[in-house]
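Given as structure tokens, the chain that follows is alone and in the form predicted on its own.
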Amino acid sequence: MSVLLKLIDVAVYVGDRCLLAPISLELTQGQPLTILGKTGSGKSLLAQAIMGLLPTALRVSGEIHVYGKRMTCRERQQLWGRELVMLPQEPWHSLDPIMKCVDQVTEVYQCVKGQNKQDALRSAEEALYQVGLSHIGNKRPDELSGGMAQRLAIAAATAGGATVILADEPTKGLDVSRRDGIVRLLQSRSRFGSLLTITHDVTVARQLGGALLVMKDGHLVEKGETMVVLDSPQDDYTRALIAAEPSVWTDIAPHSQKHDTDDILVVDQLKVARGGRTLFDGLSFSIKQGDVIGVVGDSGCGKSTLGDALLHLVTPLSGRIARLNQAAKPHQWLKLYQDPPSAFSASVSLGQLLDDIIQLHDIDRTRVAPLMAKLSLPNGILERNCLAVSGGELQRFSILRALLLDPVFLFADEPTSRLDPITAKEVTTLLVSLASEAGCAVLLVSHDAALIRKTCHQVISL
């Protein structure tokens, strides 16, 4: 088997500080390689170093060989699209928000493959058909679900014929069926080349097979054949990642609900539609202070729409939603977004955004540091904007911002889908503790049925 990509002692530094310790690896034709680790372990940093996408403030040492030739950063950039391609963590970052979906793929066939406009359009329509998106050609990316956007990004990225594909967290935020579909799609697209996948999902690593590297805090801690490593892990950190999968959690919901607490929300015979399609009808339930209510179901079944309706962001077709906590202020009915970039402005730092809500709502600033520690957020994150942090860090910052507002009701729309298993368990435990200790009701949406079973008092299946 030919070696398509080879790294020899590649390390990343900022000044004299080492962010990624020297690492060596080989990516061979037909042999997938997966890098597993929690947020901040250096996985994405390594992928950016390979692609030549690191900020100018960072320095790379070591050798990177592509197709047997040692290449500079500039030379690797010349291979983008044709030989070497990377799927970023957030598909929205690789898609033009105002361009029709079919045009985004057509552009690749024109600019990279050199096809004329008519041939490029036909190729793009065929590519969308192959990934099950033939019906969305005239839509914009903001009209797509997360799974659709990821498939569109893959179709556009691989349209140039690249044989080496780097996929950075390609399945995060997707339900099980969509996750498995993306894995199969990546496997088929890399059939004649190879696939390097970055993930914190142990299940995805198992599905991909091949070779596995486990990283922690910028260091390689374990490597080998995927099944061997996951079935017989040698490092304590690898064991911790496997043990943090929701299917093996013990129940973390409070054992005794406070039955004497008041209802804060009553839903009666609710019927909601979106895009002309009825999502659910006749839905009734009530929520008390401190309740953790789980909502499960496949993408598109109405999980997010239900939460939006409870927050008065969507108008129901019929039924009743009654808020019974009259003392609560409007900003205490809150939403944690599934895609954290959609909840932040990139024009200012995260610290400035935090200062804004502290001043607006007269919040005690001394509450910030303990919450940042609980959420494993470094102080330096406040100096950056939302584009300069990982998806996991941005989601944890979203939770920090919400907790500072003392919510009475928190609609958590896939709040841990961007997080590694260890951090996801810590954050979920924190949300459940909030509900129990502060009397905040939490509506927790997840595609992971095991997570919902372990954390919630009541489950709504859509």
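Quick note: we count residues from 1 along the sequence shown, nothing fancier. Only a predicted model underlies this, so the values are computations on that prediction, with no experimental measurement involved.
In what follows, reference is made to the form predicted together with a small molecule, a form of this protein that is not presented.
The small molecule is not drawn, but in the model of the complex it has no heavy atom within 4.5 Å of Leu53. The small molecule in the model of the complex comes within 4.5 Å of no heavy atom belonging to Leu25. In the model of the complex, the small molecule sits within 4.5 Å of a heavy atom belonging to Arg384. With a 4.5 Å cutoff on heavy atoms, Glu393 counts as touching the small molecule in the model of the complex. Residue-level contacts in the model of the complex: of Val14, Ala450, Ala21, Ala438, one residue has a heavy atom within 4.5 Å of the small molecule, and it is Val14.
For the options Ser41, Thr34, Ser398, Thr428, the residue carrying a heavy atom within 4.5 angstroms of the small molecule in the model of the complex is Ser41.
Picking from 407 to 415, 42 to 50, 26 to 34, 65 to 73 the stretch near the small molecule in the model of the complex, with a 4.5 Å limit on heavy atoms, gives 42 to 50.
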